[in-house]
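Given as structure tokens, the chain that follows is alone and in the form predicted on its own.
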């Protein structure tokens, strides 16, 4: 087992998101959490999908009486009190069941408090299983995490929604990074896909920022250079599906100006459904399955990246 460690600024964070529901982000979150925990790292998995929480199901954990919904509503101010154990050494969970369906997502102030609390958790890695879509919560978790992973299925609707999500995440990252109010206002206006600025991609926005403030434009470029979202293609069936990840990476560079790393792909495997029926992650219950092999490969690649950050 690896020596346990504590990073000076808190645990590393990995956020997994998808432009739409049904792409398999919770399945991948659960299995990566188990694979990394089995490698000897102390992991906390947090289900942030308060409107459709099921990370606990993938991890074989029964519903808890206290969940992230209590933190979001203000009934609880400590994330540590929400931690529940799992059957896997080094892995704990903060579930998100029993949320207030009318006001499920946290407001900006509560969201910032959550992100700050995450940095005080006693662990090596926090895995954030984000909800579907471009809600501000999902975009913020994705934008500020050390590693941001976009899960995509090889189908047109998933790809289209993934681009929309990534566009939102980049603009949000820019809004947070810019210092001058007039530049922030410009970024916010550009977030409207039908804006009157003529901005359709983050790359289009840079000349406008430069015209307002050259120093902010340099900061803009640095944010783009430093933002490296990761891509996982899930439920791969064909060689064309595998190549999709490279194509998306090229499009991100050309139109968004970001280097999106193709982290890997997961095969379409019937054993995944068998594992879910057993209530156990496939990397633990069926380590010989094709999906388990690909998931462990992705986990090893992630750990290599994180350790060098």
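Positions refer to the first chain, counted from 1. All of these numbers come straight from a predicted model, not from anything done at the bench.
What follows is about the form predicted together with a small molecule, which we do not show.
Contact check for residue 14: every heavy atom lies farther than 4.5 Å from the small molecule in the predicted complex. Put simply, residue 268 is close to the small molecule in the predicted complex: some heavy atom of it is within 4.5 Å. Proximity of residue 287 to the small molecule in the predicted complex falls outside the 4.5 Å heavy atom cutoff. Proximity of residue 48 to the small molecule in the predicted complex falls outside the 4.5 Å heavy atom cutoff. For the residues 79, 178, 132, 209, the 4.5 Å heavy atom test against the small molecule in the predicted complex is passed only by 132. Stretch-level contact check against the small molecule in the predicted complex with heavy atoms at 4.5 Å: of 159-167, 211-219, 135-143, 230-238, the positive one is 230-238.
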